[in-house]
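This document starts with one chain, in the form predicted on its own, laid out as structure tokens.
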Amino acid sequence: MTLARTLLLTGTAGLGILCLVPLALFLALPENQALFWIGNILARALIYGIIALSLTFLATYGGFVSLAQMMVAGIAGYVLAMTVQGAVPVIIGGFGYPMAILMALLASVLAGLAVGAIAVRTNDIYLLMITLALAVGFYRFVESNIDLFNGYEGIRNVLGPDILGRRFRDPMVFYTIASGTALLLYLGVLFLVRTPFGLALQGIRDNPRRISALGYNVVLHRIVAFGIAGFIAGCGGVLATIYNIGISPGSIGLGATINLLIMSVVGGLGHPVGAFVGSLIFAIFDTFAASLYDRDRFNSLIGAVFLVIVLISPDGALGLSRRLGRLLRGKPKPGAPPA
């Protein structure tokens, strides 16, 4: 009962905030500027926050950082683009959006399970290298296979279904769907980590030998965790493909993979909300850095800002906000001796 009440309150507060953000923007800004923020910044932050959530879930509760999550999201995006009717060029086609999205999510779960089965017996730097190798290998495969993936050009014209007579890519429609999806996945993670499976996964993270001695299948739990993370990444991959009106190898390349890791680390790996905090920070700087600094060197500004955040607060923006909160309240750091 306590868990249900906590999730209900968290969900209600989150839904209220997500609904009030567009209203506040329309009150504070002209309509075109408000729509720019909603469509170009907030919606993009939600999409990549969902994909980053899959990485944060594995890192926070499983104890392993996977660099293959953008690859898994890309698999969902490519399955959607290849199977949905109206995409250009036609690869398979013939399916409506509901069936194509279902197949895309199924493919992302299977991809997550496959990544888990390959990488589950490794840890730390070895897991990073294996998942990075998988991500780069898939990127090169997509880039070079013109017949199946249309090479560099990718697959376009993935516009999404009409929702109650309105275009899916309408800024308010897309924001509503993206925010609802993000909130449901966020609450799902909070619920899952308090279930017996989630508690066992955290026990495996802390002491796999002890959990194995208690009769739990450590390898199976880890593989299932990768499958769940695959579903989360697949949801983000589907939304990203519709948002970008298609998909190409550049959207799942090494740069995109590193950017996803930056979002997760900058936001903070200690809690699932850090994925969305980091993606929002990244989206804002990625949008305005070219105007604030030399257009040809805006990546340097982004890198410098993220480096400062990580140096000041190794646990990201969430850790920084907690320390600032304790400072304002006059409370000592946990574990520190009293003055």
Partner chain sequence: MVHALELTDIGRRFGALHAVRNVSLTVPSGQRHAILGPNGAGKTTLFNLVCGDFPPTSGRVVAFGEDMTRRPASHRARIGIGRTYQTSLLFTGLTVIDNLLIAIRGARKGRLSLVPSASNGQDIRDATVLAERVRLAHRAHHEVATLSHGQRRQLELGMALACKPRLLMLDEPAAGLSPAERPELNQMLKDLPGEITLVLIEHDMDVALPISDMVTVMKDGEIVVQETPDRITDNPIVNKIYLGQGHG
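Residue numbers count along the first chain shown, from 1. Bear in mind the structure is a predicted one, so any value in this text is a computation, not a measurement.
Quick note: we don't show the form predicted together with the partner chain, though the next part is all about it.
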### Message
Which is the contacting stretch out of 261-269, 167-175, 211-219, 106-114, given heavy atoms within 4.5 Å of the partner chain in the predicted bound form?
### Response
211-219
### Query
Within a 4.5 Å heavy atom cut-off, is Asp147 in contact with the partner chain in the predicted bound form?
no
### Interface membership of Leu134, the partner chain in the predicted bound form, 4.5 Å heavy atom rule
no
### Task
Decide whether Phe95 counts as a contact residue for the partner chain in the predicted bound form under a heavy atom distance cut-off of 4.5 Å.
no
### Message
Since only the chain is shown here, I'm wondering whether Gln202 would be in contact with the partner chain in the predicted bound form (any heavy atom pair within 4.5 Å).
### Response
yes
### Query
Pick from Val224, Leu159, Ile163, Leu183: which residue has any heavy atom within 4.5 angstroms of the partner chain in the predicted bound form?
Val224
